[in-house]
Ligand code: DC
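Encoded as structure tokens, the following chain is the form predicted on its own, with no partner shown.
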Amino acid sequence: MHSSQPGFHRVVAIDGPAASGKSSVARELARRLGLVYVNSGAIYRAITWHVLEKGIHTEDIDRIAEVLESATISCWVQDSESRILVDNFDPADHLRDDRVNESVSRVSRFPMVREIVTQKLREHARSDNLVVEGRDIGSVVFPDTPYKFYVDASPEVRLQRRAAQGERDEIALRDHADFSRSVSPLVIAEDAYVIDTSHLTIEKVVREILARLKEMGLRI
């Protein structure tokens, strides 16, 4: 009941671009497996919210570093889902604010910020079995877990999904930020199992992943 990384529990990594369906897939997969669901993007959003609350410009890396060095960021589990506290405050209700949507890609590109999130995720995996969704989970955060999946969809389908969610950010801009980031860019891990979700329901994707995990010897 552990990944191949010493001290870690089991980790199923679900990576993919915006609106690929990874959040819905990861949440349902975690429910079926009885593991804790973790949205790594929520940690980046919580950090971004904290930076904005402090009135810091998102390009001011020195001030961002200063405020994060003094901040206490922790993950805890509620109803089998990971939650984030920043200085003992849960910013869950603010993670989708327009100002956070507009700033999270700029804040999350800084190496120091990505190192903090990676550290928090690894700490989480030392106490819980996880299904973690993100953009560098299988390639950077948990490169040794054997359970890696990459979900994708056509840009047209992802744009439609994003609009249906009421999000106004541009898929092309999000993709550029993800793929061109100098630190931990979005890539497909060499040993990841790739699924195109363009014409699949969440249920079908989850079933495909469960079948793959069973083939790999993970008890379902």
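Model, not experiment: these values are computed from the prediction. In case it trips you up, residue 1 is the first one in the sequence shown, and so on.
Just so it is clear, the following notes concern the form predicted in complex with 2'-deoxycytidine-5'-monophosphate, a form of the same protein that is not shown.
- Each of 44, 135 and 174 places at least one heavy atom within 4.5 Å of 2'-deoxycytidine-5'-monophosphate in the predicted complex.
- A heavy atom within 4.5 Å of 2'-deoxycytidine-5'-monophosphate in the predicted complex is found for one listed residue only; from 28, 152, 178, 53, this is 178.
- Of the residues 83, 94, 122, 114, just one reaches 2'-deoxycytidine-5'-monophosphate in the predicted complex with a heavy atom at 4.5 Å or closer; this is 114.
- The shortest heavy atom separation between residue 105 and 2'-deoxycytidine-5'-monophosphate in the predicted complex is within 4.5 Å.
- Interface membership of residue 63, defined by any non-hydrogen atom within 4.5 Å of 2'-deoxycytidine-5'-monophosphate in the predicted complex, is ruled out.
- At a distance threshold of 4.5 angstroms between non-hydrogen atoms, residue 161 is out of contact with 2'-deoxycytidine-5'-monophosphate in the predicted complex.
- The chain is drawn here without 2'-deoxycytidine-5'-monophosphate; in the predicted complex, the stretch among 85-93, 144-152, 127-135, 68-76 whose residues come within 4.5 Å of it by any heavy atom is 127-135.
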